[in-house]
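To begin, one chain is listed below as structure tokens, in the form predicted alone.
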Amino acid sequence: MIDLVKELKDIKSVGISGHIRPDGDCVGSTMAVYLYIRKNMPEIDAHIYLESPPPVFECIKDIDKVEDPKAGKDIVFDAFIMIDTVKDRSGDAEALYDKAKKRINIDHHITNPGTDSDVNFIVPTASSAAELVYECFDEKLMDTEIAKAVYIGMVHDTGVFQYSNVSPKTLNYAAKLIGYGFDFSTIIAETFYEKTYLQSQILGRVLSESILVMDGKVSVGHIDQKMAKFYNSHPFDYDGIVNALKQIKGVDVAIFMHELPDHKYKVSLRSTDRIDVSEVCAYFGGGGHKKAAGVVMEGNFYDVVNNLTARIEKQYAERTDQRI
């Protein structure tokens, strides 16, 4: 555990960032740190760098202050805080992080070795980066907007507190956060469950064209470039698809892939206790958690599926009582 105020003592400038294609935990946790610094350390010149946050998070105060990392390319920060990721997955913010005089990493991914920072707060058992960010704060120095940002991060990385990464401590923190008085039920409804008509169309299309492999233990859905162009969709339109694939009865592992340029796929995996998808993704250069992980892979649809299922099959084979 670290005390953010102490870590930033005598600091004049700080940069904050997270991973590319930021999800709810990344947006919520980074914005919470930005708001906390702006409120309690106004003498610090603070900047937050993220790829364009999904519109659903416009409810977070000062989300319009998020900058493109390229805008800060000439700045050497006194400190840089990387949240919810290793620096390698931060895109253009990686260069800013490397140049900073002090580098702080706050993360909950088991695949983060913590080798690129001066100060690490990495706890793989934490429900979310937002949970760890909350532990870096003095509760007396928080306000409603900071609490709301933290809560959004926790909600999104726990699936509204239903995933196995939730602990009694997580729920205790959530109870304290809603005590700050924001409309938590509306936040859950509008940022987690609510979908646009386009998102609903895409979800239906992916599910209707999905396949089951490995005797129904693995579900696979994908969006290629042609489909993305047809719907004029963006990556944030795909939120929740992999979880829907995971909800199919009998499925241990859900794989959702959307095609990127240059014959690559962004792949998200979700699993039950039977398969460690962080291990699967790490083999191909990705990472994440035991039940939720991701990776970018080269090749066509069939190459990617075959390579992933080979690693999944290996895990089944190592658990002889679970062999397919």
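Residue positions are given as counts along the sequence shown, with the first one as 1. The structure displayed is predicted, hence computed values, not measured ones.
Form predicted in complex with guanosine-5'-monophosphate: not shown, discussed below.
Arg89 is the sole member of Arg103, Lys217, Arg89, Lys246 with a non-hydrogen atom lying within 4.5 angstroms of guanosine-5'-monophosphate in the model of the complex. Here is the short version: of Ala293, Ala46, Ile275, Leu35, the single residue with a heavy atom within 4.5 Å of guanosine-5'-monophosphate in the model of the complex is Ala293. Among residues of the shown chain, Ser271 is not one whose heavy atoms approach guanosine-5'-monophosphate to within 4.5 Å in the model of the complex. Contact check for Pro53: no non-hydrogen atom falls within 4.5 Å of guanosine-5'-monophosphate in the model of the complex. guanosine-5'-monophosphate in the model of the complex comes within 4.5 Å of no heavy atom belonging to Lys61. Within this chain, Lys264 is remote from the site of guanosine-5'-monophosphate in the model of the complex, having no heavy atom within 4.5 Å.
From the list 66-74, 53-61, 36-44, 281-289, the contact stretch for guanosine-5'-monophosphate in the model of the complex under a 4.5 Å heavy atom rule is 281-289. Of all the residues from 12-29, the single one having a non-hydrogen atom no more than 4.5 Å from guanosine-5'-monophosphate in the model of the complex is His19.
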